[in-house]
Structure formats: C-alpha cells, structure tokens
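First, one chain by itself: the form predicted alone, in structure tokens.
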C-alpha cells in the first residue's frame, strides 16, 4: 500500500526526522483553507496527496507566493483526478530552499534478504538519470552499524552527526511500521541542517501491524466497489475505459491478453488477475464482479492451467452465469493446461464454447 505523503511525513516526524512545517487541507476543509495556510510562512509548496508516482509532471505540485494563491491552487486540486484516483487531500508546506538536494532511501530486498540502503548526491528529479549512487546492504540481524552511517555521510559530503539520526530514524520506522520502502527525495541540505522535504513510503498492508490500522482504514474509505470487492478476494483489478473485461490467472498473462484485445481493435474495460490456484468460488466471484461493471459488454477469460485447475475455472464460470441469469454480455473462454479436457466438458455441458487458442477467443469477443 502506497502511503499518502502526509502519512509518511507523520511517521518521519515521530522519529525526530526534520521536515518542513505544513498543514493538511481535506475536502471538508475548503472553507477554512485560508485560516490553515495563514499559520505558515510564505512562500508555499502545494502538493496533491495521491497514491501514485509522477504527480509533479502532472502539475499536482505547485508553488505559491501568497495565502490566496495557495488556497486557490489547493481548492483547484481537491476533487481532481490523477491515475484514476480522486484527490481528497492537499498538503501546503513552507517552501524550503536547499543548498543541495540529496537522496536517501531504504527498502527491503537483496540477496540474502535484508535492507538496501541507497544514497546519492543527486536528489530531486535528477536522481533517476544520475549514476554513482551508494548501495549498502544492512543485515537485519546486525542492524544499522556506525560504519554504514559514516560511509553514507562521506558519500553525501555531510557530517556523520547530522545524517546519523535521520538514518537511524528511517531504519526504526521501516521495521516499526512494516514498510517495504521509505524514500527521502529530496533530502534538502539547508543552512539550518538536513530537512526531508519530499517523502515516499510503501507499507505491507498484510503484515497485521496495528500501527497501520489508521492508514489502512483511510485507504479502504477511498476504494470504490470494484476495488473493495477485489481486495476482499485478493484479486488485482484495474478499471479501464473500454467495454471488454479481461480475466486471467497471473499478471503477465492478463496483461498480454489485454494487449491482444487492443491489437485486435477491442477496447479493454477491466483488468482482473485472479492470481494462482483459483478455486471455483473465486472464479465465480471474479466473473460476477466483471459482469457488474456498467461499462462491460464483453468478457474474455484466459486461463493457463497449472496451479489453477481448468475444471475449477469452468465450474466457477458456470455457477456465475447461472446466478447472473442472461446478462446480455458476450463471453469468450480460452482454457489451456491442467484438467483442460474436463473443463471443456463442463463448459460445453452448459452451452459455453471453450477456445483452444487466445487468437480464437479474442476474435470471438472483439468481432
């Protein structure tokens, strides 16, 4: 789960990591936005709070020189959409003018598994193009050692005593909040010291960590019916603008099927990945979910059997259609792999044709 920036900022501040002063404006705060912003010193940075990267390029990070300008920008952002997500919160901050922009992040990964610590002298928008980043593996059994802090300080050209509390706080936050990524970009070097002026964090929402309860509750409030139901079943579901729902087992297979539909002239309207080992009940839930989408007029189910049994898929499809009645939706099914013949037999018994190739199924659903 990608945290909203103000949530990541709150975590950092809990561990004493310096951040700029800011206020949060929600959709219900528009009338008192001026009062909130007046508590800050100009100039300002106005940032939409979204759970996706790239908001700056989309114009959702802007600068303002006065309270009125900041309020106007914030009100314009609230209720707008970015990457299919409604902007419900805007953060207005006091603008920090850095002497240098640095980059520091920690993430779970590596081999053997541990914490990867990355540091670069090129922070901000240029970090992706710049090379020469320092990469250290932190053994979780040993923790963050002094030599690692000193190496980061030397690489960044900052005093070890200034970067140490930031790295130590990040490391503690990573474990305490079940984070898989915590990124400061940029970490601004200012006349008053280091300040984390932009933050990204990703949390493991399935960790059962009670510290995440507030963040998860806020995330679930944002979900529409599709995402809420998909989350309940463990599906990966993404609404699209067309009328062809694509259901598959595995993200790569489902994406390739989506591409095949588009190349054939169809307009994908839903990406739905069942995952592996889908039993009849899960398949039934997936098809019913696809059929409930108001824009969906055609459904393509593409299954490659392995862990997922084709006969279980067939039973789930038949049960879903029986429950949905005659939805007036064109359905094409392609089965291949484990228990394929039995799956075909079950579908044919219900008057549903199972295609042997993806090309045939795509022609059926698009044509």
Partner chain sequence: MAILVDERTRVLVQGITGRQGQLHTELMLRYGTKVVAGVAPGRGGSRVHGVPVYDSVAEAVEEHPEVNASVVFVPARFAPDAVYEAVDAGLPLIVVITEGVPAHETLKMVAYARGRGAVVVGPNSPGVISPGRCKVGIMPGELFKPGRIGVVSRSGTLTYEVAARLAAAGLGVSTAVGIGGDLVTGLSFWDAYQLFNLDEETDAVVLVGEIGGTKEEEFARMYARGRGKPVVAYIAGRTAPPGRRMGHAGAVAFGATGTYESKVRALEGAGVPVAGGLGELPQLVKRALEEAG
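Positions refer to the first chain, counted from 1. Because the structure is predicted, anything quoted here is derived from the model rather than measured.
Below: the form predicted together with the partner chain, not depicted.
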Review point. Since exactly one of 210, 146, 113, 192 fits, which has a heavy atom within 4.5 Å of the partner chain in the predicted complex?
Key: 113
**Study point:** Contact residue in the predicted complex, from 216, 164, 236, 134 (heavy atom within 4.5 Å of the partner chain)
**Key:** 236
Check your understanding: If we take heavy atoms and a 4.5 Å cut-off, which stretch out of 288-296, 149-157, 92-100, 256-264 is in contact with the partner chain in the predicted complex?
Key -> 256-264
Exercise for review: Please run the contact check for residue 76 against the partner chain in the predicted complex: heavy atoms, 4.5 angstroms, yes or no?
Suggested key: no
Exercise for review: Would you please decide whether residue 359 lies within 4.5 angstroms of the partner chain in the predicted complex, comparing each non-hydrogen atom pair?
Suggested key: yes
Review point. Though only this chain appears here, would residue 334 touch the partner chain in the predicted complex if you measure heavy atom gaps against 4.5 Å?
Key: yes
Practice item. Indicate whether the partner chain has at least one heavy atom within 4.5 Å of a heavy atom of residue 304 in the predicted complex. Key: yes
Check your understanding: Three residues, 27, 34 and 66; all within 4.5 Å of the partner chain in the predicted complex via heavy atoms?
Key -> no
Review point. Can you tell me which residues in 163-183 come within 4.5 angstroms of the partner chain in the predicted complex, by heavy atoms?
Key: 174, 175, 178, 179, 180
